[in-house]
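Encoded as structure tokens, the following chain is the form predicted on its own, with no partner shown.
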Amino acid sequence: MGLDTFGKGIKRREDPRLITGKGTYVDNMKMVGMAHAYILRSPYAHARIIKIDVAKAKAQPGVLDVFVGKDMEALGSIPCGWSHPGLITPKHPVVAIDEVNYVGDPVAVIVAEDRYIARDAADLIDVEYDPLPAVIDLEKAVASREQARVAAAHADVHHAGAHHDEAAAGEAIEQTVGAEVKAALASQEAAGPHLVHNEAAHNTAFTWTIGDKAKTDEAFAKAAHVTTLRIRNNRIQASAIEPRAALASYDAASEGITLWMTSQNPHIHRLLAAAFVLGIPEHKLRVIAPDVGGGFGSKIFVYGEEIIVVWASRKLGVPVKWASERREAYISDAHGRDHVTTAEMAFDAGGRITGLRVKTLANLGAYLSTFSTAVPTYLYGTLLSGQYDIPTIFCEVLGVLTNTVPVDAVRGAGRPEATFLLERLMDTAARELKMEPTAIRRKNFIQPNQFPYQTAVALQYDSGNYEVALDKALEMVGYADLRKQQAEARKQGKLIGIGVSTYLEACGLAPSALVGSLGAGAGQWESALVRVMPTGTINVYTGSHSHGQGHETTFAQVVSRELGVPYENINILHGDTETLPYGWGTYGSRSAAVGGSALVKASQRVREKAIKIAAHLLEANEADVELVEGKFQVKGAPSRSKSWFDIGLQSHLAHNLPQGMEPGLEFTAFYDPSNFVYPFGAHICVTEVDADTGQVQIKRFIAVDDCGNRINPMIIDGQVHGGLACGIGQALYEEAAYTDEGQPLFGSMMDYALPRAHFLPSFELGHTVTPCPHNPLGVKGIGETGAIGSPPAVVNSVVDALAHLGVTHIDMPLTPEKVWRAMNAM
């Protein structure tokens, strides 16, 4: 393979290992004397623990020990990593002590010689529960809060009686409380108030706002038209191919412990586990994430299970492994999304947006997961401008605690929710204003000459050309002809829909000082160490961990371009806190933009020193030496050259280095971006709805994405394919639904409907390139775009197919039953 691989769709070098069974996954690992942990979980959504009798389980042959919450009472609470002013943070024990708060809450830990003995012994544990009322529905959960707001609104209106009449009072109250909330309030009053945690009044962990309320209210008062939607963004789960697993091994001699785990960010896990939960020196805990079979966000967070195996290994003096079963993953891995939102968009008479007003109830589940408080706020509210020039926005988010699995980031995290809201509003408004869906978007796009563009919700976009991406998608789908075909098909009774969505994502969160000021408990820089070995090959150590994205290929392409070293001679290493510089891992499409930029910085320093060594060896001026096709040569005299082998060997032998130069050839760089990066694109979905059954079939899906400069188009396409499957799954099939009592209705893949390959069309992909202006690679990120742009395209398409029947909106997932009911309700 040649030196110039940057921008080429070369095959992933890690795939032969991963797809032929040669990868190293935690659950495949075995150690001498290794024990297995099984976790007994609560069958109740909310209950007091009266008594736990573990005697029979402990007496079983092969059982090493059984632990309950009180045994681990000295451990710290599982931390939340992002704070807000006034945030209520209920204590989150590793194993429940007095009360369980969701189905799946850990109650006891059985450690045995093998996992089957441990699992069987769990059946012998007698737990006496006192069931409590469960809080599941978001609107019911905060109904008492809304009751207080109603009372306050009444008081304010009467207090200002000189300026308001009773009609105004009624209007004010209607603005404060929607019909659904009032219905929930009535239900709540009948049943009595229930709290998930007593310290969180009204089940509200935080109230967060962004934007200018007064200016936004004024825009609505002057609006020629207002479009209103109540949207529920359904709860989903990550469903990684490899469930979570952890293996801990305590070394009594060093008093250190090694934890192999399915992690997206080993250093974060080490920091939070050691310092905030286990209370041990950070250097005593080594975290290794070997091959990891997908994360999609669910392996970012600190969970109790990894803490349990470390604690148990130290206590018992043997290696202890826990591996999640698939059904267990459903009730122990963090879920995603789960919003109920009322959104209003104001327009002038010409169809230009004049304001956006949003109120969102965001489900946090029973406890605050690691980044749960950031997802519905800074990753959602700040994205509410999308691709549009919106002069004023106001958003209020209530973080709501319920007796459900904790909710955190899942692929896209906050951005899919914001995009879905915006794009449903745009399509609904277009229909109400009798405008073409693409025309209303064009009228409101931020124009290329407006960059950098300051939104009304804090972000400053760096670059973009949104109309070009939409034009390309329309050209690919043959939009004008397609509309004609749709009209003809409708005459024949066929329900064909065409759905358009545009999206914008903010990823590569940055800079660290900014996110720190906003409440983040983590930095957002990334590190890289580039080391030239004596033979001239390159070892690259990155803090950006790969769990299936192809970093070993992509990062090698980046370093190959920077150093002119053959791609095959570059070795990418990641996932071990003992051997790597500190890093913040992989999530939020940050690896190329932040981790890749750190690689560039480190490589540039290596190259600068290598040129000094080459100039010394060639007895030339440093300014006269250049790196050409992998060799350092004197300008104009290519025969006078030194290879990377020459430079690498001499840098380590140090027999003939410039005066005063240190031996070795390696540099560590830390890259802290000056801004987020902003990928964008346009998606178009063509569907056909079966008039008899409500079944939705996707006929075509066009995705045009702009992720800036493209390092490896093949990997980018793969990322888009996966994201589209994820987004289409949310739109049509997936939902982690609960009964009113908090019992999960998603116990297996028979109940939780991940899209199968034959459910999906052959995707038609296109791209535009608008480089990021502030990182050295000009890249923006691609991992989440498919999951962001596709849900509104699908739903817009189905609503478009049914609009002539009077259908204006259907909440996801668009199951056949739900679609059929919508069609037949008119």
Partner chain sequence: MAKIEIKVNGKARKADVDPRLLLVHYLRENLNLTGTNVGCDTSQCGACTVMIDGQAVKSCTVLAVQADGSDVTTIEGLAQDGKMHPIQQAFWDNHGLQCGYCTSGMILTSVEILKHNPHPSEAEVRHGLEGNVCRCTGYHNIVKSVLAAADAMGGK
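Everything numeric here is computed off the predicted structure, so don't read it as measured data. Numbering follows the first chain given and starts at 1.
There is another form of the same protein, the form predicted together with its partner chain; it is not shown, and what comes next is about it.
Not displayed here, its partner chain is approached by K11 to within 4.5 Å at the level of heavy atoms in the predicted bound form. Within 4.5 Å of any heavy atom of its partner chain in the predicted bound form lies no heavy atom of V769. Interface residue remark: L18 is counted as part of the site for its partner chain in the predicted bound form, having a heavy atom within 4.5 Å. Heavy atoms of L760 reach within 4.5 Å of its partner chain in the predicted bound form, making it an interface residue. Remark: of stretches 110-118, 281-289, 680-688, 486-494, the one touching its partner chain in the predicted bound form is 110-118 (heavy atom within 4.5 Å). This chain appears without its partner; in the predicted bound form, the one residue of D706, E423, E734, E417 with a heavy atom within 4.5 Å of its partner chain is E734. Think of it this way: in the predicted bound form, its partner chain has a heavy atom of just one of A349, A214, I241, A252 within 4.5 Å, and the residue is I241. Although its partner chain is not shown here, in the predicted bound form the stretch 703-724 places heavy atoms of M714, I715, G718, Q719, H721, G722 within 4.5 Å of it, in sequence order.
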